[in-house]
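The chain below stands alone, shown as structure tokens; this is the form predicted alone.
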Amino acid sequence: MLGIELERESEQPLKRQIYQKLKEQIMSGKLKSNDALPSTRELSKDLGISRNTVGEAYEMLIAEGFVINRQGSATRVAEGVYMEQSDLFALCKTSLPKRMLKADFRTGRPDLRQFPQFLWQQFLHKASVEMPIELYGYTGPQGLPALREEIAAWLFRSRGLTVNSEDIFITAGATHALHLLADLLCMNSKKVLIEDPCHSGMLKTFLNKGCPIEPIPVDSQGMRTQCLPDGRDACAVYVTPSHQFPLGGILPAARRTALVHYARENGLYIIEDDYDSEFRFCGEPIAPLYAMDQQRVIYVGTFSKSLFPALRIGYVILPKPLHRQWSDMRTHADVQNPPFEQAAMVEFLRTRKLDRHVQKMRRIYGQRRQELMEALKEAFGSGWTSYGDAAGLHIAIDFPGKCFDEGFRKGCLQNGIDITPVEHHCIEKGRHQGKLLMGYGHLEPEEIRKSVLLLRDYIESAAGTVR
């Protein structure tokens, strides 16, 4: 009756299963307005369940207005609850199965299989057991003092950076930090000068905040500081100097010096996003730009790549004139980060587990980078050039003479290949059409080899459209 099949082993109660299936039939038009539903006695007999269970399902439909029940008459479908198929699709699209990927070159994806999950759970449990009751209340916008002290110590160990923990403010990741900085700095219609290309997500953060943007071109060494405009109309410069996203360049000393002089002369701030720099394969991580001027540089860091993205813990190092205004803004935005993960992070840093995990992952990612380079050489010969292959979780590959646009990207997706052209991250289009971004950190060596071959086959098959 009505084609209802129940999953008796499911954790979902039978009454809710009946309710869901009837609701779907009503909204899809299979059951039309004024159609009578079977009586509770009939449906319960047909399904072999209690009449009360069917009655409870009907009551849920009645309460939400999908059916109408009048004493002495059948329960009938209400008017105006049919939904067009396109609307139904929009309503349910989040539950539709995603296209199966055959090759996944997405950037910024650490290998979560390597994360010491059980150890992290132990630290979380320890935090929940030992946390003083006063930390269950509001702990303030700056973050737990113990975490700020451990971050300062971590930066000294890993970057040689001397930081006062009072200048560190905990955030819910780098993007959250940029949201607050946009509110803090973008006033009087002044511009943010931003690398081009840059991370499209970070760019959208500034644009969504209404900040005027001026792109500054990037080459293999990062931002071309000689292209900086008159700074009177600017409030900030956004850079990724230790591992430029997406091309991977390291901003050389002369450009760093020029950028700091520019900030000082124009009274603006440099927002330094320390993207991916902990995973450097040739020597030690690059010293942050912040070391050159702690009054003009705002340092933004996160643990999303070194640990796992769902850990929404990042931090900024703020010049003292910005402390009070930042605290006020954070208090009226979301007050603070949850204390338990902060406390667990304290232990992860204090016991040097982060140091050891980063060392381990640096070795693994270095091997995978080499695997990718060898696979590209076997598949494409020598007709390509790599950018940014000394650090991070992705590399940029230039195929001279090719044109990888959004049409190419969509074609790849339709063939199960998720890969992003550099042009996707460009503000001014046309300068980097032959470059692709290839994330590899989350891929095993065998996955890397297979994925590169799939990409080669698609490029060859689409030769007529990939110029």
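What we label the rigid core is the largest C-alpha set whose atoms superpose within 1.5 Å from one form to the other. Numbering starts at 1 and runs along the sequence shown. Quantities reported herein were computed from a predicted structural model and do not represent experimental measurements.
In what follows, reference is made to the form predicted together with another copy of the chain, a form of this protein that is not presented.
- Using a 4.5 angstroms heavy atom cutoff to another copy of the chain in the predicted complex, none of 366, 403 and 418 count as contacting.
- Contact with another copy of the chain, judged by heavy atoms within 4.5 Å in the predicted complex, is confined among 408 to 416, 61 to 69, 429 to 437, 37 to 45 to 61 to 69.
- In the predicted complex, at least one heavy atom of residue 115 sits within 4.5 Å of a heavy atom of another copy of the chain.
- When contacts are judged by a 4.5 Å heavy atom cut-off, residue 80 counts as touching another copy of the chain in the predicted complex.
- Contact check for residue 266: every heavy atom lies farther than 4.5 Å from another copy of the chain in the predicted complex.
- In the predicted complex, residue 49 stays away from another copy of the chain, with no heavy atom inside 4.5 Å.
- Of the listed positions (102, 190, 357, 209), a single one reaches within 4.5 angstroms of another copy of the chain by any non-hydrogen atom in the predicted complex, namely 209.
- Of the candidates 377, 224, 232, 125, 125 is the one whose heavy atoms come within 4.5 Å of another copy of the chain in the predicted complex; the others do not.
- Shown without its partner, the chain has 338, 339, 340, 341, 352 in segment 338 to 374 as residues with a non-hydrogen atom within 4.5 angstroms of another copy of the chain in the predicted complex.
- With the core held fixed, the Cα of residue 14 is displaced between this form and the one not shown by 2 Å or more.
- After superposition on the rigid core, displacement of the C-alpha of residue 27 between this form and the one not shown amounts to 2 Å or more.
- Once both forms are overlaid on the rigid core, the distance between the two CA positions of residue 398 between this form and the one not shown is under 2 angstroms.
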